[in-house]
Every structure is written in C-alpha cells, then in structure tokens.
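Next comes just one chain, in structure tokens: the form predicted on its own.
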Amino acid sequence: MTKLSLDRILQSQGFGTRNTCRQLIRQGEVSIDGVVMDDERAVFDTAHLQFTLFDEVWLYREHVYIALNKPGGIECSRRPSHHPSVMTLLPDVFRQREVQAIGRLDHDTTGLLLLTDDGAFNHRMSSPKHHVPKRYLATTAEPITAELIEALLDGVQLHDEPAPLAAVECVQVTGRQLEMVLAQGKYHQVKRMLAAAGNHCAALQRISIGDLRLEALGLAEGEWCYLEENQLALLN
C-alpha cells in the first residue's frame, strides 16, 4: 500500500511540477468520488485510486505500459530528426512522465510499438537475453519463392554480424507477402535479411510481440491503449 499527498499524486502522473499541481488543486480542478478536492496535502491510498481532472477520469498508475499502432512517417525518438515524434500521438502527460519507446521501428515501418516509463521493464524487454519473439508482415519487391523462405529459415549472413541470422518462423502469405518471426532484434533486421536473401522489403508491419497481437488490441493506425496485467503476461 502506497499513500501519497494529492499534489504528489498529480505530479507522479505527469500533470506538471509540484507547484503546478498545487495550483490545479487550489483552483478546484481535481475531484475524487465526485467531491472537489482543495487540500493539496490530503493523503490518499493510491491503490485503485481514480480522480477527475479537466473533466476526465484518470486511474493512478505507478507505471504506464502502452501499446501503439504506429503509422508510417513517424519516428520513435523523443527528439526526431526528419519526421514527427511518436510522442505527438500521445497525451502530454506521457511526455512529462518520460515515457520511452521500447526498441525502435523505422519511420516507414508500421505496427505494434510498446512504450513505458518503467525503466526496468524497458531494459528487460530490450535485452537480447530476453529473446521476446516479434512477428512481422513483410511485403516484398519481388515475388516470393520457396528458395527465399528456405534461406531465411536456414540463416543469411549480414555484413556486420559474426554469424548468419535465421528467422524463427517464416511463412508465405501471398505472392509478395510473408510473415517472419525474429528473436534477435538487430538493426533493420527484416529488411537486411530479405536483401541478403535476394529480395527487398517494400513495406513492413510488426503484428505481434510475444503473444500480444496487434489485431487483438483493435487499434487503428495512430491509436494507443494501456496494457493491463493480463496483456503484459503475453509478453513473457
């Protein structure tokens, strides 16, 4: 059980500095169970705590775990170089909470992206030792052949890798689409593996991480949702 003063609760949830949060409380912007709160020093048990701010109901979350259906033309960095940041698709409170993308998708790659402010979770999910499988739907520039599938499953040699890299699974979907499952998470791995196998990637979408499938989340491109415990369990 964690108990915090109301101003610290708001601050922890990304609503600004402690002084800013105190002003919001004094202005009558915060209510709990329909009662307007005007004492920033009031202490509450944070377990299952809900509060209303700016006419929106918020659930206190020690950490946030977010799934986003990333569209094309978006960079995963908080400080993008050539395209809008993924943070432009999320509420400002997440920027205040220093939410970060877990790994990266290229600006032109779409699909399932995870974000969090939990550093330990981010590290575990990003670590090569964790080997979380990721499934991609790749559209190829040239028709897919049996030899291409065989090469991707057997392993292809990339320029800066000491040993060949192989797909965990690789299945042809259409004449120019295949699903590939990878466990390594190397830089531009799908695109580079396809090129090394004699084809090229025309479009790429990440459709699942672990057993968490983008389709099951029901997110349109650019939409996001919180991940709850049962969904986080699918990532292990």
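Computed from a predicted structure; not experimentally measured. The first residue of the sequence shown is number 1, and the count goes up from there.
Beyond the structure shown, there is the form predicted together with uracil, which is absent from this document and is the topic of what follows.
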Non-hydrogen atom within 4.5 Å of uracil in the model of the complex for each of Gln13, Tyr65 and Asp117: no
In the model of the complex, the residue from Gln100, Gln96, Thr109, Ser85 that sits within 4.5 Å of uracil by heavy atoms: Thr109
Contact assignment for uracil in the model of the complex, among Asn199, Asn69, Thr52, Gln189, heavy atom within 4.5 Å: Gln189
Stretch in contact in the model of the complex with uracil, which is absent here, among 160-168, 139-147, 101-109, 123-131 (heavy atoms within 4.5 Å): 101-109
4.5 Å heavy atom contact, Met37 and uracil in the model of the complex: no
Ile209, heavy atom within 4.5 angstroms of uracil in the model of the complex: no
